[in-house]
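Quick setup: one chain, the form predicted on its own, written in structure tokens, and binding and motion questions come after.
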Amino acid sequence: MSTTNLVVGYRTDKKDHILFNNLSLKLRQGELVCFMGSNGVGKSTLIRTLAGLQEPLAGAFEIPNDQSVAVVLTDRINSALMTVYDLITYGRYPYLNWKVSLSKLDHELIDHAIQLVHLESIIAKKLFELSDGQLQMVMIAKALAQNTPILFLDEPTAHLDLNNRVEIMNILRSLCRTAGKSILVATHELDLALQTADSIWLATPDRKIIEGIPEDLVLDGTFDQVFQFKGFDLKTGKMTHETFRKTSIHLKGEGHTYLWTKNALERNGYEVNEKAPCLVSISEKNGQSIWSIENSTFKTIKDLLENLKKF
């Protein structure tokens, strides 16, 4: 899919309200693109425009004739008495004839979508019985059942817990790799986008969209310029903590234990500095991490922090 000088927005009283201007973008086969930007910038409007649900103000976008699109929006479902299985079958309705009879292939694709999103245990439930997160998963399964080469999703991980957010992004990434699908995801999940997206579309305040791979946009400062992070260092992936303790710590260790110990120390106001006189060392004994200060040892970071006040 490609756009040429696309102008996106809406009209009221014959007046154009432009959200994005002169967009020339490409969504390539087998690519997962995460579309990001500040709240209210117009991400949902662009998704709706590319899906053909809203007319562009100017310009054009092109989808090859043999391609079809599935879309997951944030709109609420009103048919509360419908079952989960029934809603997912709606993903096959565009392919049915006037008899509205599901074929063996339709059932196989529906079952495959249910398995991908792990909905087997709730397929008989009514929609009103579902949590917001479960309903979101059902809507994703419905789109997957359409089995289209192009998939647009607007905030697909909204209302989901961390485990399910990670799983959905991994499923989408896998579909790009194994089935050659082209997927565009509008999302606020910066951490997941940086780790899963092949490309980022980043909406800027001047009605443009910057396109690039996640790592380049982090290192060249583009993310910082757009989001203007307050107390968060994107290059390290950590919040900026105020150093309010008088004692600096020389931390010696390695691996995940070192990183989480450093996080705990900085969160509690200590500066971690290799030249500091106070040495905290981490070692392993029988598979258990041990923290040491001079001749004292501790079995948990909590004990370490409580005793650091004495040094």
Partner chain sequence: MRQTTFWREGIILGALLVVLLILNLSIGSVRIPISSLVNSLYSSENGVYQTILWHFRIPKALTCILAGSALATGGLLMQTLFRNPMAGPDVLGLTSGASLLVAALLLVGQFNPGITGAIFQNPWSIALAASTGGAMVFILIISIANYVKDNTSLLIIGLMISAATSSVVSVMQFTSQADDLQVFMIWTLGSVGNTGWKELGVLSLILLIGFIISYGLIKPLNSWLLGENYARNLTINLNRSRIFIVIATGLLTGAVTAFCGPIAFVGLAVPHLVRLVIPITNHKILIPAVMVGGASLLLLCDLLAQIPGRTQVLPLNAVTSMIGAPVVIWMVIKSKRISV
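For the two forms, the rigid core is made up of the largest set of C-alpha atoms that agree within 1.5 Å on superposition. Positions refer to the first chain, counted from 1. Only a predicted model underlies this, so the values are computations on that prediction, with no experimental measurement involved.
The form predicted in complex with the partner chain exists for this protein as well; it is not shown, and the discussion that follows is about that form.
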item	value
Option touching the partner chain, based on a heavy atom within 4.5 Å in the predicted complex, out of Ser79, Asn163, Gln228, Ser131	Ser79
Proximity to the partner chain in the predicted complex, single hit among Leu202, Val72, Ile168, Leu190 (heavy atom within 4.5 Å)	Val72
Residue stretch of 173 to 181, 102 to 110, 155 to 163, 216 to 224 approaching the partner chain in the predicted complex, non-hydrogen atom distance within 4.5 Å	102 to 110
Triple contact flag Arg245, Ile282 and Phe298 to the partner chain in the predicted complex, non-hydrogen atom at 4.5 angstroms	no
4.5 angstroms heavy atom contact with the partner chain in the predicted complex for Gly255	no
Heavy atom of Arg207 within 4.5 Å of the partner chain in the predicted complex	no
Gln115: touches the partner chain in the predicted complex, heavy atom cutoff 4.5 angstroms	no
Contact test in the predicted complex: Gly237 vs the partner chain, heavy atoms, 4.5 Å	no
Residues from 120 to 137 in contact with the partner chain (non-hydrogen atom within 4.5 Å) in the predicted complex	Ile123, Ala124, Lys126, Phe128
Residue shift check between the shown form and the other one, rigid core fit, Arg76 Cα at least 2 Å	no
Asp198 C-alpha moves between the shown form and the other one by 2 Å or more, core aligned	no
Residue shift check between the shown form and the other one, rigid core fit, Val100 Cα at least 2 Å	yes
Inter-Cα distance between Gln67 and Met139 in the predicted complex, nearer or further [3 Å or more]	closer
Comparison of CA distance in the predicted complex with shown form for Ile213, Gln67, at least 3 Å	farther
